[in-house]
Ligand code: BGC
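One chain comes next, on its own, written out as structure tokens in the form predicted on its own.
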């Protein structure tokens, strides 16, 4: 579904210089066109897009907000958007590797691109990146499990299994890589034991972030490796949806629940934490990120430099993309009632 929101107020006068649109002249209005291309794969994308649009409209911008359910649909949308030559295009990529060709046209037409939440890969047409510190998220997940299991002390050995997000999402790779940088030494030392032996990203990835895929995999793991009373002490889960299906499957088998990570601070996850089922989640405040991206958009459109706090982390395979990284935080039993 395509939503187009255009605010124009025209006041005639004797000369062209007196033509106003929302308090700006005609050229100013034409220079305040913003397009946003987001997935509609989760409700949070819808909320983020609509919140960003509302804020931009209140500041006098014309906004074209479009949602897509598949990568192909999003690519076609972005192709059409680029031909309208917006003054800034924000993309929340379904497949970060799919934009190489289409963004060459954006570069030709001087359309600035901001990647939102997910980096866009293998192109020099991306100007900025607005996200959370995804490396810090992965590291925090690993360090929380490390501390909870007392791995630096006398803890272990413990059985652990690993899950990761979609291969098409660069964030999933970062979460997993930085979690494993913390946990892998304990696998080598024998404090952590992965009975399945599945510890590389490709073995544990969850296609499309689809929790049904994770449900199938956890069933197979439990049937194959944990069907003779073997306990599963910990699970590295890349988000709350996947944590939820893992916990539900283990509850259905009357198994003791593991320490388990999550991400997104979904309402269901918050309730699981309160109930003592899910160990923790990492909160990525949507308000913080959308508000930051709005400020970046405004700077780009007005021809000033956006606030940037990272110029070295996000090499997309072609260039290192200047980024602003918001700070996530952990929610567990100790602070869940404050959220």
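Residue numbers count along the first chain shown, from 1. Here the structure is a predicted model, which is why all the values come from computation and not from measurement.
Unshown form predicted together with ligand BGC; subsequent notes refer to it.
Annotated contact segment (heavy atom within 4.5 Å of ligand BGC in the predicted complex): 35 to 43, selected among 271 to 279, 310 to 318, 35 to 43, 54 to 62.
Using a 4.5 angstroms limit between non-hydrogen atoms, residue 163 is distant from ligand BGC in the predicted complex. In the predicted complex, residue 246 stays away from ligand BGC, with no heavy atom inside 4.5 Å. A residue is said to contact a partner when one of its heavy atoms sits within 4.5 Å of a partner heavy atom; residue 146 fails this definition for ligand BGC in the predicted complex, lying far away.
Taking the partner from elsewhere, residue 284 is found to have a heavy atom lying within 4.5 Å of ligand BGC in the predicted complex.
171 is the sole member of 127, 171, 211, 71 with a non-hydrogen atom lying within 4.5 angstroms of ligand BGC in the predicted complex. Note on the partner interface in the predicted complex: the residue among 236, 120, 205, 263 having a heavy atom within 4.5 angstroms of ligand BGC is 263.
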